[in-house]
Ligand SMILES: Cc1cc2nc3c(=O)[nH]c(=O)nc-3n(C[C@H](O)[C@H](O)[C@H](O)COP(=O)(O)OP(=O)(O)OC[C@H]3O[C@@H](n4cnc5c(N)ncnc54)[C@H](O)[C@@H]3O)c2cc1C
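Before any questions on binding or motion, here is one chain by itself as structure tokens, the form predicted alone.
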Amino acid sequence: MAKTADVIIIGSGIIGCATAYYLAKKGRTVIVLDQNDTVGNGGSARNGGGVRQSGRDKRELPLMMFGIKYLWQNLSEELGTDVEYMQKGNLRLGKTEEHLRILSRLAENARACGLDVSMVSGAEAREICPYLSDEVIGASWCPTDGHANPLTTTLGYYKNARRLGVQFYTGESVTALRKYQGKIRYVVTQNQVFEAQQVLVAAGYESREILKSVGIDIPMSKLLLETLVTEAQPPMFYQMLGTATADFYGHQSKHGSFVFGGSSGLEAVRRDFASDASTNLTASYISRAIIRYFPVLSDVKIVRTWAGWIDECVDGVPVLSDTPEVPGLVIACGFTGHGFGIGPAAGYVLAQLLAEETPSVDLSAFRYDRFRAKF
């Protein structure tokens, strides 16, 4: 296998795999490195599958709306893989007046960006999803949101990237980046050295330490989120679901199982950063929250749970940026748990950026240097 390429991508999640695929379509040679022994073994394999526009920071909306309009619609056909994309809308639920104020503010910001999202009453929300409890007094409703399968989507990009000649090295933990004559050139792992004219760092939280080797620091932290999946149920409702305060989020999958994620608020007390094991604390918290919104699911059995670390950026918005001080280096990290749904669009525009084309969406809001003090 080659150790040189036009582009080296660090990280084999959906961002890395999608970027590799779109670059390979442009005729670029690509190597993808990942510290894990399997592809997509980070957040891309451990998330609730949301493909949503609503509830996002308005800086993310143009990119996410681009992905919904131009990429997700035909992704199964393009990749030859059923990504299980369903565009059945998104209800973000509220049980208090404060919840409704939060949802109204998010909806107003989204409408300012051109997104079709509206506030509905509790009764109107139950017309959309009859299984909601009477505790829900209102919701935001975005009919163009949906969900998909994180595993099949990521592996679909991986499979097609390989078909186009992309080489994947797993079990390669990157220890440093190195420059030559002022430009990025080498990627050093614990086993060997790789060489390219351009490097994309898309390794989740681990991106922070890798980037420090060339003097760049992205302010983000490591946060654990957990997800559970239930036994299969008859078809009930296929909307993507969320809440104003993120008690939980989830959907019913194509196969009948419900996939729900969330947090207990106590994850920050976990100091064992080497472990991504799920706990009975968060799973039971998510389950209690679900039952309050959907009493009909009270007796449904949980089949399994899993947990994963996310790269939580200090301002909740990812970094998608080139770095003029290190020519050839591009950064894609800090997705703050929003990376799956935005992944195809992010990969598409990152490939354009690396190919020195004008990205289809303005990336200025995602600059890596936006955190610097202004004098």
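Only a predicted model underlies this, so the values are computations on that prediction, with no experimental measurement involved. All residue numbers refer to positions in the sequence shown, first residue = 1.
The same protein has a further form, the form predicted in complex with this ligand, not shown here; the description that follows concerns it.
- With respect to this ligand in the predicted bound form, the three residues L63, I68 and S360 uniformly fall beyond 4.5 angstroms at the level of their nearest heavy atom.
- Only one of 121 to 129, 206 to 214, 100 to 108, 85 to 93 places residue heavy atoms within 4.5 angstroms of this ligand in the predicted bound form, namely 206 to 214.
- Put simply, of S140, Q252, T227, T153 only one has a heavy atom within 4.5 Å of this ligand in the predicted bound form, and it is T227.
- By the criterion of a heavy atom within 4.5 Å, L23 is excluded from the residues contacting this ligand in the predicted bound form.
- By the criterion of a heavy atom within 4.5 Å, L329 is excluded from the residues contacting this ligand in the predicted bound form.
- Contact annotation for N36: at least one heavy atom lies within 4.5 Å of this ligand in the predicted bound form.
- This ligand is not shown here, and in the predicted bound form it never comes within 4.5 Å of any heavy atom of T29.
- Counting a residue when any of its non-hydrogen atoms is within 4.5 Å of this ligand in the predicted bound form, the hits in 171 to 208 run E172, S173, V174, A202, A203, G204, E206.
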